[in-house]
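Both blocks below hold the same protein chain, though in two forms, and each is given as structure tokens: structure 1 and structure 2.
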Structure 1
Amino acid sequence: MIEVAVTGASGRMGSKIIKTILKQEDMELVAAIEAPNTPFEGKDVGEVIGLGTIGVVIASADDLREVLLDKKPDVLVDFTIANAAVNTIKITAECGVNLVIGTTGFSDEQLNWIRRTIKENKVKAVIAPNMAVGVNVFFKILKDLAPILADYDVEIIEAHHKHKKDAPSGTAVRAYEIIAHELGRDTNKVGVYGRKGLVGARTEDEIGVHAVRGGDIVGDHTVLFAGEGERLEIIHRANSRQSFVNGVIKAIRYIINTDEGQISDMGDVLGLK
């Protein structure tokens, strides 16, 4: 049985992750943690996320070390916010507990520090800003296709719901980086973000990136390779957050069999490398 702790237990991702863990025959939820001073502290996490009593009480992040030393989970899953996650990761690694980290928005400095902390404490981790299986296959396809279609024009189009604050999406940026890297182009130079007015003909090297916003679109990404007389489009569409959660479940199982201090991503988890 893989024993799992979840931080951000009442959040959009954390609550779905807990619901899915409870359905796995080889996993057990042993701890649920929320930010300090939330109204959920001390309440049964099942009650909070609409499942009824399940016997796991939500603990405060202030008590994380005590909870981990008491429950001794195999893995802690973190989908919270970057600045809080840094402290969670420190305490978790010091307690010898492995980590699946889905939180996004870390600075490069924070990511380097996280990697060092994991290695120094000889725990294992999966770190991935997008855990959806299909998205990671999408990345792999782009990596393989870009050199084959090196003389085709590349445009990336993403679409998201009207509430999304940042643009382009992290997934579009990653797709852009993968393609630019495979084509030996400088990521600081070849991106063209939207076009308007008399911009002139497109250059051979540029990679267009376009953000569409509207309604409740969960997340669509299209990469268009346009050549003479034909075009090829690679499209990924997310319909729900469950796609990320299913990747988390795979990451939890994967991590158990990795080596001490090993840091993996979803490409490793899915055998795409």
Structure 2
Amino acid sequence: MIEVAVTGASGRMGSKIIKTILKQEDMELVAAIEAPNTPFEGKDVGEVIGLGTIGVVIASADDLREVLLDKKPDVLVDFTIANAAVNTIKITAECGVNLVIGTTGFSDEQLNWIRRTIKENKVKAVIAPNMAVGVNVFFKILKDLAPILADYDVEIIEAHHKHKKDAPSGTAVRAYEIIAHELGRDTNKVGVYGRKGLVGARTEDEIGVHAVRGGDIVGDHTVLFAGEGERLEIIHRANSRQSFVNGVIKAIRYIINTDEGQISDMGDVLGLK
């Protein structure tokens, strides 16, 4: 039985992850964590997310270390916000608990620190900006396609719900990084994030990245390759957050059989590499 802890337990993603874990025959929810001073602290997480009593009480993130040492989960799943997740990851790694991280918005410095922390504490991790199976196939297509269309102009457009706090999305950033790498371009130099005013003609190497926010859009990503006389669009649309949750379940199962200190992504989980 794989014992799992989930942070952001009452949130949109956290609650779906918990509901799905409870349906798995090989998984058990042993801890649910929320931000300090939320009205849900001390309540049964099942009652909070509409399942009835399940015997797991929501704990404060301030008590994370004590909860992990007491419950000893095999894996902690984090889908929260970057600044909070950094401290969660530090404590979790120090407690010897493996990590599945779907949080986005980390800076390069934070990501480098996270990777060092995981390796130094010899825990395992799956880190992915988007855990949906289809999105990771989308990434694979972009990797294979970019060199073929090296002389085409590339634009990335992402759209999400009005509550999303970071922009561009982690998925759009990852798409940008994949394409830039395959084309031999410096990711610190070729990105153009939105355009306004007299920006001049498009340069040969630039990759445009654009963010749309509105309504309840779960997540749309389009990569446009525009050439002379034609264009090709690669599109992924998420119609439900369950697509992300399904990937999380695969990541939880995968991580159990990896080596200490190994950091994987969904390409590893899905055998796309």
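Only residues modelled in both forms are compared. Residue positions are counted from 1 along structure 1's sequence. What you are looking at is a predicted structure, and each value in this text was computed from that prediction instead of being measured. Heads up, when I say rigid core I mean the largest set of C-alphas that superpose within 1.5 Å between the two forms.
Asker: Quick one: identify the form predicted together with ligand NAD, either 1 or 2.
Answerer: Answer 1, the form predicted together with ligand NAD.
Asker: Does Ile148 show a Cα shift reaching 2 Å between structure 1 and structure 2 after rigid-core superposition?
Answerer: Moves: yes, 2 Å or greater.
Asker: Is there a C-alpha shift of 2 Å or more at Thr104 between structure 1 and structure 2 once the rigid core is superposed?
Answerer: No; that C-alpha moves by less than 2 Å between structure 1 and structure 2.
Asker: Quick check on the domain motion between structure 1 and structure 2: what's the rotation angle of the smaller rigid part, to the nearest degree?
Answerer: Comparing the two forms, the smaller part rotates by 17 degrees relative to the larger.
Asker: Could you tell me the distance the CA of Lys196 travels between structure 1 and structure 2 after a rigid core superposition, in angstrom?
Answerer: Between its two positions, the C-alpha of Lys196 lies 9.8 Å apart after core fitting.
Asker: Residues present in both forms, rigid core superposed: which consecutive runs of three or more show CA displacements of 2 Å or more between structure 1 and structure 2?
Answerer: After core superposition, the one displaced run is 145 to 237.
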